[in-house]
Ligand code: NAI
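Only one chain is shown below, in structure tokens, and it's the form predicted alone.
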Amino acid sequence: MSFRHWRVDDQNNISTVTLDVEGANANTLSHEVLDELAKILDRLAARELEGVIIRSAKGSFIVGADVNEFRQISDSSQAADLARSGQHLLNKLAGLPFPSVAVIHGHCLGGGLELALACRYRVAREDEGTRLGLPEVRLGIHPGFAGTVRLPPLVGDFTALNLMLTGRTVSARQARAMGLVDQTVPERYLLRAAEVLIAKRPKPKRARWWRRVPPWQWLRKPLRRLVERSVRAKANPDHYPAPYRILDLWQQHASQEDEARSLGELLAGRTSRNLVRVFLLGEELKRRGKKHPHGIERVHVVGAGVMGADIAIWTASRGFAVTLQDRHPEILARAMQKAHAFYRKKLKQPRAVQEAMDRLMPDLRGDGLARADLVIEAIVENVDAKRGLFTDVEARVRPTTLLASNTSSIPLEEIATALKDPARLVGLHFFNPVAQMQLVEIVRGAQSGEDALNRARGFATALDRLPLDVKSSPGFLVNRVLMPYLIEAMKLVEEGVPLAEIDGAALDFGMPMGPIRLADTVGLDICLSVAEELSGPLNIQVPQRLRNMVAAGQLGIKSGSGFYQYDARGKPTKGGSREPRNEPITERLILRMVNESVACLREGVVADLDSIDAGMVYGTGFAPYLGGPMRYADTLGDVGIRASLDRLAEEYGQRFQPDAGWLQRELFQR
């Protein structure tokens, strides 16, 4: 049998079916791949075999469905038919008259795991690189190839719900402990373990009876309410319906047909369409970064404060040798303690923790500069201090060393005047907290060389981060768009609007954190510094209350007092109750961001609308279910937004004046 994406080999009356999607770095289940598998299963079912093994020829098993094909779906019935066809195919696999074994390594996600669930047995490679999960909820949907039906009896109802509701992945060892896989073995024993299972044909695994909830409505209904409490704390049902559909299917002990219909409705809905788009924007940023070799092995970070330490800690966790420099030994000591706590939590295994700590070296004198392939500056946000540092750094590094600044608002051209070779300087702007925020702004100064920018893009991708190209201009993209939003929130405070009302309006809209809490979390001193840096070029009025609070040492969480008061654990005390107000709070907050986004587009800070949406979703968490500020603007219509901005400008001032970019239709061509 000859196929484009699959290979079938026979040995000892066992067929090994290998997936190797042509022209792709990873295996995905496209329509064409599934069609070929259907033909293979039909032919195998007609043969007298001992068993079949399904494996991958790539670095991972199967990473899920081909998400690009989701964009071609026009309505819910088409999406439901897609699910039905996948269910029918995997039912063929489950119904083979002989044992089937999925041999899993690398990532086994979404439809890939559903395929493995349809096999009688599963064997996984025993290492931390093997990850299994059903992340569909992150795309606004749920499993659609009978995953909601097959998973609970295998691992238990609440374990299955946890996997589907969170979209988290588990290691091979965790998967075996919960019954998701039958065996975990080293790489060299994978095929042998599969052959032994086929030969011995043990009874397929099933969760113990006490982990399975009977399909009685009187029992499932109250249990569903208990689970739903924790879901509601993280997902607004009006914004993200998928988790609640998962609970519906579980409570009803639903059939495959129920699953297909539900998936069809979700996949054609607004939330899923926007989340799919956001996912693909992130994948495109990764693809661009992977094109560029970076040639970086040793990284030197200058400044062991919050950002510098976090950059160094994350970089070492990704396998780079890192030296971390600071003038103050006590700051370096705190950074190393922080690193050890982070690695213990993330890596867990003592050997892995020690290896990561060995890659991160404190460096009081800056000895690591001489061998560094990349130097990242993360000191105080002061142009003179940065110039002085880079003058010293350039004299101590090799000519090929890439130089980068983590400045959040200072134009690179102003820093580059200190360098003899300014072409080697780029911006690598990380966001706090570094370990959680996926975006890195790759800042292009007028002097930045293309080779330096390419290396920076490749390095950011190697850190498992999304590199977004931005022009060197005040605030770049994310801080420039975010600052008017934060300032408007502070103006609302000055007008007497309760903190809870302001933050609550933003949370209701879909932001991950209210603007007042966000300002306290970032640090009011940092907010003030960035606001003052942007006040001239962007004509931002810095609230006097912000200046007064910083002068009084009220800096937010780090000082225990900001707009909110904080306890010893960094938790805010009450910020007042929510009361109905006449002020258009949400409109004032969000339209400031949208209007500034259009200004960035007009000025060429980023290349296109997609870059703005990717930057604001991955850099600030802008309501992902809405797809980003420009997608949101497209939904409302530019005429309506301009009218709203004109009205707000009349009532609240010229800061709401519609940007000239709204009238330049060519800017909005996708």
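Throughout, we count residues from 1 along the sequence that is shown. These figures come from a predicted structure and were not determined experimentally.
The form predicted in complex with the named molecule is left out here; the points below concern that form.
Contact check at 4.5 Å (heavy atoms) against the named molecule in the predicted bound form: none of S56, I62 and L190 pass. A residue is said to contact a partner when one of its heavy atoms sits within 4.5 Å of a partner heavy atom; P215 fails this definition for the named molecule in the predicted bound form, lying far away. By the criterion of a heavy atom within 4.5 Å, K386 is counted among the residues contacting the named molecule in the predicted bound form. The closest heavy atom approach of D503 to the named molecule in the predicted bound form falls outside 4.5 Å.
Shown alone here, C108 lies farther than 4.5 Å from the named molecule in the predicted bound form, counting heavy atoms only. Residues within 4.5 angstroms of the named molecule in the predicted bound form, judged by any non-hydrogen atom, belong to 427 to 435 and to none of the other stretches in 427 to 435, 313 to 321, 152 to 160, 270 to 278.
Distance criterion of 4.5 Å from any heavy atom to the named molecule in the predicted bound form singles out A378 from the list A404, A378, M164, A519. Between the named molecule and the residues K205, K338, R327, R211, the one pair within 4.5 Å by heavy atoms in the predicted bound form involves R327. Along 299 to 316, these residues reach a heavy atom to within 4.5 Å of the named molecule in the predicted bound form: V302, G303, A304, G305, V306, M307, G308.
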